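Here you get one chain, nothing else, as structure tokens; it is the form predicted on its own.
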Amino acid sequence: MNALHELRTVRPSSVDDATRALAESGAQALAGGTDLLPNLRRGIGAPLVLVDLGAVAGLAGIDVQPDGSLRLGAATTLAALAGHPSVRADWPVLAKAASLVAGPTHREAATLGGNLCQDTRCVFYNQSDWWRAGNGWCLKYRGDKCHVVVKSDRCYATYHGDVAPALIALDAGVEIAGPGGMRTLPLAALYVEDGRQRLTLSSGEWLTAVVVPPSAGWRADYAKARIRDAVDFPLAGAAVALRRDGHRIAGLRVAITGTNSAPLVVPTLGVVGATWDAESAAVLAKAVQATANVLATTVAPVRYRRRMLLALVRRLVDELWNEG
């Protein structure tokens, strides 16, 4: 581990003050720090200012709204999210996904906003400073070459979050604060399929809350493949939300993680309206294969991750269909 470089820390107490601080050149948001601080100790990133969001008023909280929707403050911890009675009762996939992130002590510190905006990962990037220097750095940070796809002009580091696909399957939206005021967008639109750019946020913009629609008629679940049963990021993961109407699929949302530079939505137009059978499963499998772009960004074999992703999606839809 490296010693942290010299930097300044500010601790704003309001959304407006935090926005102004984050608009400063070289500023970076700090929430639970479970992703950011280990990277900084490895020499990954060199912000000039850390904007500690821990004192921003009203940034944490889990509230069921009068219309039945769920509003989650960005500073809500994953432990609080996983254990909240209303979340467990009405949006159980969200509680499950949060409970599968890292270990218990991480979840006590890690925040929802930080988890959603976490850095992408790659076996050539998440290394010690001397290792990365010895390999000529990489396109994501300080280098000019992607070691995964050597002739590419973009970074293929992978997004490995658990909570984002669950929220995308639930059709969640996010509230973004910035110099131009507040704006909202679907959670899926927060991400860019580029391991270096990652997010669609402009300078000074940051995530303040997540809003989840009422769960009416939908059932959802999340599963991931990982080497160990605790702590590990997903090598491949999928969240599925399904609404059944008799012998047909009235609605289906599938989101994947651990395979691409962003959590992505899998098109399901060829399956919605049909019954769930071998033919529909084959159509969905082709859509998953067309969406996923599994590359050698982890120590796990590419073929294994591809096959696990297909198996996870098939199993989740099978179970949700039968439960419905």
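Small disclaimer: the values here were computed from a predicted structure and weren't measured. For every residue, the number given is its place in the sequence shown, counted from 1.
One more form of this protein exists, namely the form predicted in complex with a small molecule; it is left out here, but the text below deals with it.
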Among the candidate stretches 295-303, 29-37, 270-278, 63-71, which one is within 4.5 Å of the small molecule in the predicted complex when only heavy atoms are counted? 29-37
Consider the chain as shown here, without its partner, and state which of Val150, Ala216, Val231, Leu185 has a heavy atom within 4.5 Å of the small molecule in the predicted complex. Val231
Only one of Ala102, Ala250, Ala79, Val123 has a non-hydrogen atom within 4.5 angstroms of the small molecule in the predicted complex; which is it? Ala102
Is there any non-hydrogen atom of Lys140 lying within 4.5 Å of the small molecule in the predicted complex? no
Do Val211 and the small molecule come within 4.5 Å of each other in the predicted complex, heavy atoms counted? no
Looking at the partner-bound form in the predicted complex, is Leu53 within 4.5 Å of the small molecule by any heavy atom? yes
Although the partner isn't part of this model, could you tell me whether Val192 comes within 4.5 Å of the small molecule in the predicted complex, counting any heavy atom of the residue? no
